[in-house]
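What follows are structure tokens for two forms of the same protein chain, given separately as structure 1 and structure 2.
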Structure 1
Amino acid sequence: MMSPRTLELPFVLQAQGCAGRVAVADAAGVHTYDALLAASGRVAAALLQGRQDLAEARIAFLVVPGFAWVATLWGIWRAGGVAVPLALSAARPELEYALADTAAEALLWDEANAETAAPLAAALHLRGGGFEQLVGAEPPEALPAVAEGRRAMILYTSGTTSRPKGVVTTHANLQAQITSLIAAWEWTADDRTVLCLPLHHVHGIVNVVSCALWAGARVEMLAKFDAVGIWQRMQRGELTLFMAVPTIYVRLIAAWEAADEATRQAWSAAAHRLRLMVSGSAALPVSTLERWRELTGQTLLERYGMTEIGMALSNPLHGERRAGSVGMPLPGVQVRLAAEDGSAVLSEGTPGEIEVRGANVFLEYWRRAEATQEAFRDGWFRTGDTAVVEDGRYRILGRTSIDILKTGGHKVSALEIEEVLREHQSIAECAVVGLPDAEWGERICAVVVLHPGQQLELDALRGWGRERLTAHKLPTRLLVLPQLPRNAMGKVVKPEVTRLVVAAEDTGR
């Protein structure tokens, strides 16, 4: 058996090769690869405080996308820690859950998040620290050698359990995910991209920021998505690549349609100059792909991925990009379709569940051995997505669980929302379903049965929920019913719930 290679953390080697080039541009200005190495080294030294290696201690952070975010992530890695990037949009109980579940040793923040993070760290008795203070530490005398098989990151993902699970990726997993995309989409040091996605998901972390920095390219990091801002950025020129979720393309189209003729022409010409525009994280409606092509002459490249595996399938960079298809396996990624009961591997034309194998596939669900075991079959990761292969290309058909929704590119568990809604004093029973939606992909709908004599309005429910759940998990539709449809076993029949919501919308209730 081969002994595991020791990491000279490869992203550090890559960065050393780019020295004086600009790595990151953010609201504060431009920052070179050298500056990233220096700042992350100091963050690592401050975290170590004399220890030789954090030995996979979990370090959570709440930092706005930009130089500080990358320097924090790299600092944690260089000190031998496991990075836990938290969602800036999360409600306090969600942050508390992630901190407790990872048993984080420390919580780091930047100035913009100090008001949320500092009291949280104090309440949970965590080591805390502001980026500005960490980066002011002395440079490290020595940093640990980190083997590539060691844990690098934990991202929380919703699943078929009510609470989100921590997806653990190793340095080797991340390296495989990054290098696969660099090869497939031909990233080079001359590329320039802009990040407008949140940095607690693989889409922003791996596909945009990590690929750009591995390639020696330049990534401009925006604190938040803004459609007009993105068009204007494209208009200023020099961008070569853009990646986003379908909802963002829908928003960009809406902004273009709201602009005057001269602006439209300038924006269309600007977008046309990019070498590649990618869509993923949720199904790209064919109508959106076609409208984008009309506006910009760009055929969006649709690809398919998941927190547990990075990216798995992609339309080609060169050659036909087929609307409605997510393409073929990416370099180094093995993909197959299996019958739901695992009895057979399926051939072209027969729908089945997507299973994935390769160095890109995550290590484990954090401290959930049983869930990890259940997620694999014969060494293949079961995605829970169903697809069919036609002409060698995969077309996604849906998910095996009705309780997993995708809204604005965010995966959401109906069970998690239901569990929170049940805490509402007026709600006796509830069921959450997703309704197809042109902007969001799916919209969250809550169907509730109230305790006798109670009343509930959507606005009041959303106001109450804001303290407990991220905004994108809050229902945008509320239907109050005398009872929920149940089967003979007493289980709520979700397809029937969906039908009732659609019927109520049709009759304007």
Structure 2
Amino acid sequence: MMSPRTLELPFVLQAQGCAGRVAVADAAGVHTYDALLAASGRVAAALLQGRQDLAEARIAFLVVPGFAWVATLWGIWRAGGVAVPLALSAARPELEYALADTAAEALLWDEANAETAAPLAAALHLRGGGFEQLVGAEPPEALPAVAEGRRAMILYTSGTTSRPKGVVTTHANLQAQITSLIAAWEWTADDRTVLCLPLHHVHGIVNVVSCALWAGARVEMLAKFDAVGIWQRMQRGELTLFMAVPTIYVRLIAAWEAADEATRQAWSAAAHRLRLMVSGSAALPVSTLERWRELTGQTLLERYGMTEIGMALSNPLHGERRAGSVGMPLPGVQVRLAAEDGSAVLSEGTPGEIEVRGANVFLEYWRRAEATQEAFRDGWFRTGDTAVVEDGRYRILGRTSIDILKTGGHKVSALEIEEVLREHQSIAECAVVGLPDAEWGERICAVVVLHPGQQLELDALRGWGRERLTAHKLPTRLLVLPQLPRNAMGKVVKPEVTRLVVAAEDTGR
């Protein structure tokens, strides 16, 4: 049998240079880069079924994080397809929407998801198959050459204001995102990390898995998050990097506080040995950063990015990491602030919308030409986030449409108010939203989760807040909830918070 033709996609060339090194560890054991190349080649051959090239056919998959997930992703790419990673937590209507919107040709799954995926593929008349079946195909004699400008992946945005949009990235976009982070955070083949993030978001796919495998490093992939398990993995002394969302750090802190003194000391010492710990996907509360530093000696590196751009800003690997700051532009990424009229904001301290330009920026919203056009201004992608630059560093004020509230003629950052409210002894979590008001434009509403056994009234909160906030930033409405609505990445879903406030208003709560 002929040897498979070398595929000139960079991730394959990187993997070929890592020979017998371990790439992935999961519940089934350890798997080398050679094993990944062999398995993904077989998946590609099974998908092609004699065709020369999938020619950007969309291939969706529902697979637990691990070796099978990576081999499936790589196999789709090596066959010339566009990968559509689906959320394991998605309800059937959400899966049906993604499959219909992408006009997926096939749906792939692993044994753990067969009960969900196989009937879905049959109902929608999609070509389907389990990983175990695909990886049993004959090795390929040849695979297509895939140009870097071709579409590689479609990820769906959270859809907070409308139905989710498919964000299309090319192989070149992904390469730019990955290599920028490898340069900034100095990934090497000696690094070891653990994945505890879902794999339908750029955070887990690019920042953790893809960066690790591009660098020739090793990534341990967990099927689900377990706080004690994460601490124990740190304690083994193998990890060098850890990346998570603020919610995960809060849970790790809670697990530490519940442990005995000897365990606490061992866990703290273990975390201190890691060379880098990163937080992202949601604003990192200063209180969480400071508590984590107290426990581990680690100052979390906060960065800024989104599905459409990968990562754009980062605090430095070496040097001062400022609380509340997301740092400076990453290598190869251009960032600016723009005023409402589109002109560049040139003076420090003046708010503006973050706009990004570079090879990292996505190609398009899938089959939404008008939305794609509206997302750009003079070649710059409009993030919808408002920030200020202070001493050359960016500080996020909030979403232009969600977190920037206009009350009494003032522009107010909901994130700033949330940061202050978290200092209150009774408040465990909080979200600030605006409600339309004929007199004030918007009323500031605080939605909070209290510590066990605590109570809080609006008058008491406002009295406490007067010493910390100017009058127009004080909440005029307080709603106490048992928990805040969050998405799979732990990010608070502000439109849902607003809906709960409106519902409470209607019922007179």
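If you superpose the two forms and keep the largest set of C-alpha atoms that fall within 1.5 Å, you have the rigid core. In this text the structure is predicted, and so the values were computed from the model without any measurement. Quick note, the numbers are simply positions in structure 1, starting from 1.
Engineer: Tell me which of the two structures is the form predicted together with malonyl-coenzyme A, please.
Structural biologist: Of the two forms shown, it is structure 1 that corresponds to the form predicted together with malonyl-coenzyme A, while structure 2 does not.
Engineer: Comparing between the two structures on the rigid core: C-alpha of A25 shifted by 2 Å or more?
Structural biologist: Comparing the forms between the two structures, which are aligned on their rigid core, A25 does not shift its C-alpha by 2 Å or more.
Engineer: H424: CA shift of at least 2 Å between the two structures after core fit?
Structural biologist: Where the cores coincide, H424 still shows a C-alpha shift between the two structures that is 2 Å or more.
Engineer: Treating the chain as two rigid parts, note the angle in degrees by which the smaller turns against the larger between the two structures.
Structural biologist: The rotation of the smaller rigid part against the larger one between the two structures is 143 degrees.
Engineer: Aligning on the rigid core, what is the distance the CA of T498 moves between the two structures, in angstrom?
Structural biologist: Taking the core as reference, the C-alpha of T498 is shifted 5.1 Å.
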